[in-house]
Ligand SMILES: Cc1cc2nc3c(=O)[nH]c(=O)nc-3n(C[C@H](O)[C@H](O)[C@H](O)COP(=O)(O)OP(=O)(O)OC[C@H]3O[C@@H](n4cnc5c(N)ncnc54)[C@H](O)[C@@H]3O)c2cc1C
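Next up: a single chain in structure tokens, the form predicted on its own.
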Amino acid sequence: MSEPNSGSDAFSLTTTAIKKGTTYILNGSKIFVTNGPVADLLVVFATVDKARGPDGISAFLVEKNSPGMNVARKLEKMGLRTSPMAEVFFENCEVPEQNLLGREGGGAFLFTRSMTWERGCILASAVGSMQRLLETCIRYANERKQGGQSIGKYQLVASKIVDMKMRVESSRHMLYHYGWLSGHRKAVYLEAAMTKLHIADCWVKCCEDAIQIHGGYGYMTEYEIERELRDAIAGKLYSGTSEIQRNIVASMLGL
């Protein structure tokens, strides 16, 4: 979905799909394509009728090595380096009409539904990461001695660990609540945005506290906490930035 000039404003994409006979001709480019360098199949959103706005967007299944599709350079990132990303270009790329996903013009609906699901659960693994960071910090605070006692006995260190515990538990409860609502086929548009927003913020803050608790060791790559922070920062960007989540929540509150 993402393009060089349409990220948060997703429906302003400029990639087009013009139908000719039994095929669609795609032209345009995409960026930040997750697994782009290794994927065998891509879900591509393109506009079939610009005059219809979001209702003119369709989704297509585009197979690897399709004529006219070019997977460009792998993108180097600050974190999440085990998840490759790439730019993808389409130049008169022919896609069979049977590769249309859903109905023509139904791309916006598919995107909104899939993004709601994604927002709610994409940071589920972050809750586990925060739990691991908490356990690591408790162990370190008990083992590390300064001033004749373990650093966990110092109130400023203990308070950070308590805050981490609060973030882990609140994040877990929001995640499970979202899952419960979704499992009971309730509307979850608001809850998905709040869950994504809360966990993303908590994850970054837990990483920052973990580094501070470990001091200089936390800044070293050997302890891998700095890697955790680099990965966590991206959680405030992908699947809709934290600012976009706040906009969604505000709109659902009637603002």
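Note that residue numbering begins at 1 and tracks the sequence as displayed. Every value quoted in this text rests on a predicted model; they were computed, and no experiment measured them.
Omitted from view is the form predicted together with the ligand, to which the following refers.
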Quick one: is M1 in contact with the ligand in the predicted complex, heavy atoms, 4.5 Å cut-off? yes
So in the predicted complex, does A126 come within 4.5 Å of the ligand, heavy atom to heavy atom? no
Does any part of V157 reach within 4.5 Å of the ligand in the predicted complex? Heavy atoms only, please. no
Counting only non-hydrogen atoms and a 4.5 angstroms cut-off, does S251 reach the ligand in the predicted complex? no
One residue of N27, T34, Q212, S66 in contact with the ligand, assessed in the predicted complex (non-hydrogen atom, 4.5 angstroms): T34
Identify, from the list A72, L110, L181, L80, the residue with a heavy atom within 4.5 Å of the ligand in the predicted complex. L80
Let me test this: is every residue among S8, S239 and E243 within 4.5 Å of the ligand in the predicted complex, going by heavy atom positions? yes
Going by the ligand in the predicted complex, which residues of 83-99 come within 4.5 Å of it through any heavy atom? M85
